[in-house]
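The chain below stands alone and is given in structure tokens; this is the form predicted on its own.
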Amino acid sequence: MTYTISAPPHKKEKITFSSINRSKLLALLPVSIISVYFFGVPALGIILAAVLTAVVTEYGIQLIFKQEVTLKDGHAAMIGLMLALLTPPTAPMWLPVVGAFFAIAIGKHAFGGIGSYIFNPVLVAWVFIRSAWSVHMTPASIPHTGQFSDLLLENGAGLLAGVSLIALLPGVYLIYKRYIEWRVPITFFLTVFFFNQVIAFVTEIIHLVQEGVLNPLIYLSTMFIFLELNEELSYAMIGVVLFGILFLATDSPTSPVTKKGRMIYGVSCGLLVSVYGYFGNYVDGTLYGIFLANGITSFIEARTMPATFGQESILERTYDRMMKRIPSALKFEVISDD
């Protein structure tokens, strides 16, 4: 792996890869405990099976290929735990084992290990087992926050990560500690919030126009539209969506390195999740949406890299291209006195 070092000055911080992973594991501890409380022993078995398989697979691969053993950094354990939280409690015990093995062996090491993979290993494994064993990976229910108590404990949760929206809020602390960059989750959240409002508003306006209801009684129509917006938002603000915003989309290797690129990436995640979720469901929509957004990360990153010193700006390049298209006879020539 080649490392590109930017020009000085450099700012030194006490943030390490191990501290980031350990902090993410601690942030996921509340939702893991609540999922075990809510779903019982099956949830505990899925978590243990996924974490242990991920750790053993990592150790085995590094041992076989004579690489440095890096289990202490907590990355393998974090991948296993995150995959377990995206598994239904009714799934057979062998399913998280297969998924965790696939995440480490294919999603991570087949692409070169830490920092080299294109897609988030958790999402790679989830898409694989979701496609191969859809019967076992289909949630029994699709949650929505119909009342305040659903934020504390979601009785309709279909995945372990969806049991409590509040239990995922420790992930916000990761933004405060700068373990994850704020631009991706903030733009992701705002896009999901506002785009769902726009979709619901436009859909309802079209519905009212088609039925001829949009008339002088616009006041009652506006009230009805507002109720529809809140109902649609209740399906978007669920635990899996917040899990994707705070823990999946913020994975450093699969998100752009540029500041502008991270904001574009966050908006892209939000748009993909909103469209897929509105016409499908927000559980699958979140995971497939972020997975697809991983695929355009390199494109976003390449288009948002800052120019080097002395390089032409976008306006200068645009001007040069326009001038080349103008015939020479129409250009003003500067005549030298020499």
Partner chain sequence: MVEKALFAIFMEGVFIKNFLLIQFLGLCSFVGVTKDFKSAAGMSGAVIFVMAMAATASYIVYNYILVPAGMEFLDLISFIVVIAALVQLVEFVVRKNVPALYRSLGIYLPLITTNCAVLGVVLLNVLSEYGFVQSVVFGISAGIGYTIVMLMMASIRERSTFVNIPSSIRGLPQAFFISTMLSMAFVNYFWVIPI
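Numbering follows the first chain given and starts at 1. A quick note: this is a predicted structure, and the numbers were derived from the prediction, not measured.
Here the subject shifts to the form predicted together with its partner chain, a form of this protein not shown in this document.
Scanning Val127, Ile142, Ala77, Ile199 against its partner chain in the predicted bound form with a 4.5 Å heavy atom cut-off leaves one residue, Val127. The stretch from 80-88, 250-258, 237-245, 158-166 that comes within 4.5 Å of its partner chain in the predicted bound form, counting heavy atoms only, is 250-258. Interface residue remark: Ser116 is counted as part of the site for its partner chain in the predicted bound form, having a heavy atom within 4.5 Å. In the predicted bound form, its partner chain lies within 4.5 Å of some heavy atom of Ala110. Among heavy atoms of Leu26, none comes within 4.5 Å of its partner chain in the predicted bound form. In the predicted bound form, no heavy atom of Gly60 sits within 4.5 Å of its partner chain. Although the partner is absent from the chain shown here, Ile106, Val275 and Gly295 each have a heavy atom within 4.5 Å of its partner chain in the predicted bound form.
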